[in-house]
Ligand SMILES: Nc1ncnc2c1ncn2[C@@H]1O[C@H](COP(=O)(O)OP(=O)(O)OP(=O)(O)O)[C@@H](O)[C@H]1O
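Okay, so here's just one chain, in structure tokens, the form predicted alone.
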Amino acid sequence: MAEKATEEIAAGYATTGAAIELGTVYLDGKTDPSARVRIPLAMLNRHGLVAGATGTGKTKTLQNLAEQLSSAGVPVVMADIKGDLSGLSRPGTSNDRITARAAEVGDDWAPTAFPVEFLSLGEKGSAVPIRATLTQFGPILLSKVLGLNETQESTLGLIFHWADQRQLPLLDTKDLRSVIQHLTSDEGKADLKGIGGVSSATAGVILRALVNLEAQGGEKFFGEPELDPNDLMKVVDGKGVISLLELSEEQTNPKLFSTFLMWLLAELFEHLPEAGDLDKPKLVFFFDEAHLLFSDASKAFLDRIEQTVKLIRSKGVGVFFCTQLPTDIPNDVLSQLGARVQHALRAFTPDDQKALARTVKTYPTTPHYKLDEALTSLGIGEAIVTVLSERGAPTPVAWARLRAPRSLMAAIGADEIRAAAQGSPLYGKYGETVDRESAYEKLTAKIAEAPPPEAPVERPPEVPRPEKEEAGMVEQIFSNPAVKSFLRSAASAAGREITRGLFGTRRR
């Protein structure tokens, strides 16, 4: 009976195309190496969830997924919040546990290293610093970082709109501070006449939030050179490059790094063209500690996340949210996640038991497992899995023994990360901060002020010309290629205002 059930479950995971190998079906205390649990590569842009309590093996699952995606030529973006994913860049070392797991799941395990780019948020240290200008980051995401309410967010949007219209680059926090101070001054208030204003109280709140961000070191992320999304989508010798964001030093500022990850995703969404259904995704994005993004988020912010998740799959990008509980993810977003890899849950408190009951309801019904018992009985490196088959239908629920990563399951240390980062071509591109003329310098020098009105110039009386001659001359002037070019340039300059995308980020 158990063998037949195992075959039925495995049949739901059979694929004709390329797939990610998760592991082997485990049922009634037995595993069958031939009963494979897979995710079709073509379904990875339907997104996914990796969840589970601390210490149950989530990080190793992420490592395993990243390795196989890289081997398939798919670039990966992921955060290394705890500092233990840097081993992706080094081949793993065999031991008795790895040998036993490989035999159990039928894996031809071999130590393998993968191409990794080590990145950090703006700070020049052991990894390549990447940055965004405030103009690029936009008011919506910045409001989330600063902890602003909806009224304050609306005011910040007005401030950005004014700076966009005046072509005042907001490169870093001092630029934004100078613009706020200008708009709350007597001469600045006149600039906003007709479209609203910036109250002194709201400006004070925003300025204090900026000071707090700077005190936490958050300002180092904002500046130039800006990150080019193309640098996240590289393939080297047939393997997708894993862009690993070293965020262990950012744990004291979770809003910044979680919102920064959302900004990266928004940048990819705005940058990439429509791709439709592909044999494999262009890139897979792992959103670790996802609960930090959703906590204290406004409804408008959550709506934008949901819309981005819905739309970005058409750009060929898959998104995996990683968190402890599926209930950390809003239902409207959770419903978009086709693949579920659920590690063990704890049920020690009434809240834990409610979360467990809600988690069970998110899975298809199964006659083979009692899910509430299974989810609290999973061992390390085991998970309850359901994904989308090649037909786009949910696969049967499987208790899976997961294969072991082939790269090093440990950190490689700051010195090795630094050496790898400084040897990267990206270090020459992003290693040094550029501080060009921006809003701060322009406002300080009064360059942004409107010039005084010119005195009227007396013109000599016009000599009447024949009507036909005048019409012919006008036609000649406007048909001149040089004049046409000038008019096109003037029209372009007159309408040159920054356009913003779904999250208020600057469209390139």
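Note that residue numbering follows the sequence shown and begins at 1. Model, not experiment: these values are computed from the prediction.
Unshown form predicted in complex with the ligand; subsequent notes refer to it.
Interface residue among 442, 46, 38, 58, judged by heavy atoms within 4.5 Å of the ligand in the model of the complex: 58. Taking 180, 292, 409, 148 one by one, only a single residue has any non-hydrogen atom within 4.5 Å of the ligand in the model of the complex, and it is 409.
Within 4.5 Å of the ligand in the model of the complex, a heavy atom is found for every one of 54, 402 and 405. With the ligand omitted here, the record of contacts in the model of the complex names 78-86 of 266-274, 346-354, 78-86, 171-179, defined by a heavy atom within 4.5 Å.
At a distance threshold of 4.5 angstroms between non-hydrogen atoms, residue 380 is in contact with the ligand in the model of the complex.
At a distance threshold of 4.5 angstroms between non-hydrogen atoms, residue 31 is out of contact with the ligand in the model of the complex. Remark: residue 101 counts among the residues lining the ligand in the model of the complex, judged by a heavy atom distance of 4.5 Å or less. Using a 4.5 Å cutoff between non-hydrogen atoms, residue 97 counts as a contact of the ligand in the model of the complex.
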